[in-house]
Structure formats: structure tokens, C-alpha cells
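Next up: just one chain, as C-alpha cells, the form predicted on its own.
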Amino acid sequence: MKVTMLMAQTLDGRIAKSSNHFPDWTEKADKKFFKSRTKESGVMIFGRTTFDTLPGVLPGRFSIVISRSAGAWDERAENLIFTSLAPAEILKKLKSLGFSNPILCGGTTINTLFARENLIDEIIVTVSPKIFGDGLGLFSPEISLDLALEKFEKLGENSLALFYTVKK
């Protein structure tokens, strides 16, 4: 199982202005990149607050939403599961369903949960030509990860995708 965290951020390292900020601020090429990578994976993992910023279930992909108020594995709609399982248990369940490379889509709290359990293998950050000045970062404080830059790609006119392996 290879877990890839895929997040868009501003040049000043913000993934959103606030927890309810709709993610419509990235370039079209970034959105196309996200769609391609998540469809290739087949499964995305979100926190409830991040999922609530979306217009609904994204087609062609299985969505796992982590929520303290959910049961262990609640199927809410086609391709939509709400769960209160711990990150390692979610990955175990996904492996049993045939998924091998889930995409971790945030937000800050969920990224931190997976990082604290050393469950992130790869981080792909797309950097958009925006500066928010304040807002949410990729992780909460007190996270330390060593990374190796594998490659980078230009996306569209003004965005980059940075590909890192997490050193374990």
C-alpha cells in the first residue's frame, strides 16, 4: 500500500484561507492534474470539513470521509463512505477492497493524523500563483517529516507540481 498525499497550496504555503474555504482558487491545469491522479488511484481520503467544501461526491472515484460522528464504515451513497476508523484501519480496509494507492486529500487535521502514524509514502504538492497571507497549512504544528524531491512538473501557465518521497 502506497499512500500519496496530494494537496494544492499557495506560494506562501496555505491550502485554504479557512476550514470552509471552497477550493476554487487553483488554475485549470491543477484541477485537471488532481482529477487525473485521483481517478488513476480510484480512492480519495478526506476529513469531513474538507469534503464539505466540495460540491458532492466526485465522479469516477471512491470517497472516504473521516468523521468522529460516523460509524466504523457507513456507506452514505454510491462511492461515498463515512468512517470513524483510525488511519491504519482505513488503509487495511481499502487494501481488502483492492485499492493499492489511496490519495490523501486533507485537510490539515487528516494529513496530520496520517503523518503522525508514519502512513504517508509520497507527497505531491501543487503550488499555485496565489498568496493568502494567512490560513491553513498542510499540517498542524509539531509534525516533522524528511522528504526527498523526486521531480517537478510545470502545470499550466503558472503552477508547479512537486513530487516528494517521505524518508522513513
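Heads up: residue numbers just count along the shown sequence, starting at 1. Just so it is clear, the structure is predicted and the values come from calculations on it, not from any experiment.
Only in words, not in the display: the form predicted together with a small molecule, which the text now covers.
Note on the interface: of 36 to 44, 95 to 103, 56 to 64, 23 to 31, the segment with non-hydrogen atoms within 4.5 angstroms of the small molecule in the predicted bound form is 23 to 31. Candidate site formed by 91, 118 and 165: none of these residues places a non-hydrogen atom within 4.5 angstroms of the small molecule in the predicted bound form. For the chain shown alone, residue 127 is not a contact residue for the small molecule in the predicted bound form, no non-hydrogen atom being within 4.5 angstroms. Not displayed here, the small molecule is kept clear of residue 155 by more than 4.5 Å at the level of heavy atoms in the predicted bound form. The closest non-hydrogen atom of residue 110 lies within 4.5 Å of the small molecule in the predicted bound form. Of the heavy atoms in residue 123, none are within 4.5 Å of the small molecule in the predicted bound form.
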